[in-house]
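Presented as structure tokens, the chain that follows is alone, the form predicted on its own.
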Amino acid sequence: MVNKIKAELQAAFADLTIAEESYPQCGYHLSVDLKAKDIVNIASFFDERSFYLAVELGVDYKEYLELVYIFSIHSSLCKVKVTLKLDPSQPAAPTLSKIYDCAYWYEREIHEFYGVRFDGHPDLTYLFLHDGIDFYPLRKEKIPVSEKDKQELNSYSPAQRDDSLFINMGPQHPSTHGVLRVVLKMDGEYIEDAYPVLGYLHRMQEKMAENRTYYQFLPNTGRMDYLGAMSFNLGYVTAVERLAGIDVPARAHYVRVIATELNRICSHLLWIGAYLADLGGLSPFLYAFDDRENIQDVLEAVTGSRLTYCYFRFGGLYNDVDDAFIAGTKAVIARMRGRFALYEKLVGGNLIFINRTRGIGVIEKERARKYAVSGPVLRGAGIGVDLRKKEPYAAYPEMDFEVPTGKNGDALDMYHIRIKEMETSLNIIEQAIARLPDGPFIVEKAPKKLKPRKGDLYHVVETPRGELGIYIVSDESDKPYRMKWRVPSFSNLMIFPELAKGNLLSDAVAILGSLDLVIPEIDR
């Protein structure tokens, strides 16, 4: 696939210089440096070949601003990094939002953090930040926000745009599970439009990463997706290990898989409980949290925490697991295997639940690609991509498991996918325990101070909500020069306005809940 794309790129753009990269080192296969006028044509080239835009981000190299686009494809392992160099005094580039829907939010984020203007973009209001910002936060030097940008960056205010009826869903609504505000434009009981307003929990995690050493940033990873903290912890340590060339003992790889899958089950259980509570059924919430408590007891004994885990270290683990952990994990497996029939009786076979979710929030495959959704949302739409199989890491290459997919792409399919994924996680844990090797749990000479090689890396892992991508630029110092977090809930929320249109107000809760969003992950 990589050679085919390279040849087609060369044939379509004769003047293009295409570099082959080391995928194990960089996380992408090809890189292309463009002029701004060519980016739309290149994006159309990838769109016609069914690539999706995994992430769009900015990097400030002081002499120039760089826009980075990572294009990937679901059907194969082929990633291309495309870069544009912009004049830092007047940065501007064409928008890709008319080709890839997901670019709409990425470009708003880059605009408010770097001051890059995207020609043709329909809406450059604030995405995360609020009125009163004086400088572009991710620029390396203090660049004041221009008066023109201040006018455009004014926070969204529906009353100034339209005299229709608007309803605020959040930021304190129980079904948003955090401080997410969605402004709904109504026609009677039907939704005409939906406008998510972000940033209530924004903490500038990416700026903090630039001001902390690689070690100091470790605890921050679990604060973004607090329900899938183990996956974020794993994604970060494996990215840095890959960039710095750190070996990891086999035992640590297996324990990482066990702990991460236990945490994945915990996350899916919370989703079931909270989702059903949103729809009016409180009993599943109690059963799901009872199951979660058992898993958290097991994890707490080795990690020291029950939620925002920071268990993995560069080169291994914080500490080793013991016989009690193995026995407790086996007990959890036995217990959970007997609980699926209960959940099927309570939820899956419940006519009220079926009628609230069947045919609601349907995501078609092509729309899933355009918005770059991932995880259970993508698999519910019928695209069977799981990064544990497609780009395996830790001990996942040794695991045998199937990737469940949906048929209809509706909220009911999302439920069935997550139930099947919990069963898959149990199968993976059983295999990992059976094959758990003896030996050290951390590399003998774990580095005390990290100074990775100069260069960049884009590394991905599969979290409970989908594709987590970490882009790191290293200048050989002990702090990242730039660290971008491509989080799954951000992309999955982007499709909500399209799904909500034409539905009843009561269905907005069913649709939003089916996406399993974690708001601190979106806001970062």
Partner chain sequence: MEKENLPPVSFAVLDQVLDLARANSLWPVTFGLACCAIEMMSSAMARFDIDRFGAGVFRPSPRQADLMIVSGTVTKKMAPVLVTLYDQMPSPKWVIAMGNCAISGGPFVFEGQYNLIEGVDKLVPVDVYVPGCPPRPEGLLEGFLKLQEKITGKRRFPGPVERW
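Keep in mind that what you see is a predicted model, and the values were worked out from it rather than measured. Positions refer to the first chain, counted from 1.
What comes next is about the form predicted together with its partner chain, which does not appear here.
> Tell me which of 318 to 326, 252 to 260, 124 to 132, 91 to 99 has residues with heavy atoms within 4.5 angstroms of its partner chain in the predicted bound form?
Looking at the other structure, the answer is 124 to 132.
> With heavy atoms only and a cut-off of 4.5 Å, decide whether Q172 touches its partner chain in the predicted bound form.
Flag for Q172 set to yes.
> Please determine whether E300 contacts its partner chain in the predicted bound form, using a 4.5 Å cut-off between heavy atoms.
Because a heavy atom of E300 falls inside 4.5 Å of its partner chain in the predicted bound form, the answer is yes.
> Is R367 close enough to its partner chain in the predicted bound form to count, meaning some heavy atom within 4.5 Å?
No, R367 sits far enough from its partner chain in the predicted bound form that none of its heavy atoms falls within 4.5 Å.
> Decide whether A341 counts as a contact residue for its partner chain in the predicted bound form under a heavy atom distance cut-off of 4.5 Å.
No, A341 sits far enough from its partner chain in the predicted bound form that none of its heavy atoms falls within 4.5 Å.
> Of the options Y195, F401, F166, Y200, which one has a non-hydrogen atom that comes within 4.5 Å of its partner chain in the predicted bound form?
Here the answer is residue option Y200.
> Of the options K389, H416, K140, R223, which one has a non-hydrogen atom that comes within 4.5 Å of its partner chain in the predicted bound form?
So the residue touching its partner chain in the predicted bound form, by this definition, is R223.
> Is its partner chain close enough to L270, F285 and N294 in the predicted bound form that each of the three has a heavy atom within 4.5 Å of it?
Looking in the predicted bound form, the three residues L270, F285 and N294 all sit within 4.5 Å of its partner chain (heavy atoms).
> Can you list, in sequence order, the residues from 207 to 242 that come within 4.5 Å of its partner chain in the predicted bound form, counting heavy atoms only?
Contacting residues: K207, M208, N211, R212, N220, R223, Y226, L227.
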